[in-house]
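What follows is a single chain, given as structure tokens, in the form predicted alone.
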Amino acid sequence: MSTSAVRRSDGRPGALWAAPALVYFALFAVVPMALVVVLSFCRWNGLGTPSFAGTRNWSRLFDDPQLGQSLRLSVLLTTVTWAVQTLICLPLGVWCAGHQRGRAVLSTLFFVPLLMSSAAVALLFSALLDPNFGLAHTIGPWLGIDDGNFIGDPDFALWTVMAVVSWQFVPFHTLLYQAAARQVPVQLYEAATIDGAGRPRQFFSVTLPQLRNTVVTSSVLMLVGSLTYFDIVLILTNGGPGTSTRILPLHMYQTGFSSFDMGYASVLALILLIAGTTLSLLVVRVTGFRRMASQREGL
């Protein structure tokens, strides 16, 4: 690899730096997506050879009574978990970046959920939320649910799932905000202190503007991740009671692996792909992320 290929004359990294990522993306994203597109025009139960079905799978979208509800539940879960996680992670990440006494110990405890797999989290909360012997049996009456059956009540099941999902991913996004908050130049806080700004004013006038890139990055990860999230829902409620927690990714999974209708499940997967990509581009567009200049000196 020549030096000119790696580094251009203006000091910016050459295109070859992106080659490993592009190869990885092509093998594990572009090729599978292309296969899903092909499969969406086929009839296949997971065994044997797929047969061409034309646009039959796509036309079924208009006759699927579950699709509208699943999409609405997915949007609700995505919106609520994004709002809850952002409101918790941003101030918590800024606090973890400080020098308070006991911060290191508490920060370690905050990050424990990040070390657990989604299956472990779902099994843990299945035990805690069991209305017979779980913690829910005790705290349920305090919250107005006399039998403590949070995940068995159609009015509370989805909100319970939102709380569990938010609990699992708060540490990850807190870590992002903590790392970003530590990069804010201390001179800005010194200047704000000289100007008489208190802690709240420093947060809104110095910290928050400096974290705008991280806010956008974290929001995109939360929104796209929540839109495609389903494993905790699968283990915790399996879409129930009834269809009250059957979000779109779970609807796709059950269509493909319970009903063995891989063709229509591929259509639902593509709907999720389009929705996630559109949402990501919309966030970037609305926040003006494309116009943000690099903060690296000279780039």
Partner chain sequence: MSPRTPAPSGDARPPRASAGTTTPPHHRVYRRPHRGVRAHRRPDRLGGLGAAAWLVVVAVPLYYVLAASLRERSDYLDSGPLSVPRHMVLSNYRTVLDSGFATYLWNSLVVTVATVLLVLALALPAAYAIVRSRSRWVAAGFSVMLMGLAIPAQATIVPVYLLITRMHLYDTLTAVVLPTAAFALPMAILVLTSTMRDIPGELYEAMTVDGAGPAHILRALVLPLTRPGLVTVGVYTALGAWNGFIFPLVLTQSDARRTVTLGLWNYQGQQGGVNVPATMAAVVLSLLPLLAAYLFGRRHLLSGLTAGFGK
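Bear in mind that the values here come from a model prediction, so they are computed numbers and not experimental data. Positions refer to the first chain, counted from 1.
Same protein, other form: the form predicted in complex with its partner chain, not shown, and the subject of what follows.
**Student:** Answer with yes or no whether Phe52 is in contact with its partner chain in the predicted bound form, where contact means some heavy atom within 4.5 Å.
**Tutor:** Looking in the predicted bound form, residue contacts with its partner chain do not include Phe52, since no heavy atom lies within 4.5 Å.
**Student:** Hey, in the predicted bound form, does Gly134 get a heavy atom within 4.5 angstroms of its partner chain?
**Tutor:** Yes, contact at 4.5 Å.
**Student:** Is the gap between Asp195 and its partner chain in the predicted bound form 4.5 Å or less for some heavy atom pair?
**Tutor:** Yes, Asp195 is a contact residue.
**Student:** Even though its partner chain is not shown here, does Gln178 get within 4.5 Å of it in the predicted bound form, heavy atoms only?
**Tutor:** Yes - in the predicted bound form, heavy atoms of Gln178 and its partner chain come within 4.5 Å of each other.
**Student:** Which among 154-162, 72-80, 141-149, 218-226 is in contact with its partner chain in the predicted bound form, heavy atoms within 4.5 angstroms?
**Tutor:** Contact criterion met by 218-226 only.
**Student:** With the partner left out here, which residues of 121-142 have a non-hydrogen atom within 4.5 Å of its partner chain in the predicted bound form?
**Tutor:** Sequence-ordered list: Leu123, Leu124, Phe125, Ser126, Ala127, Leu128, Phe133, Gly134, Leu135.
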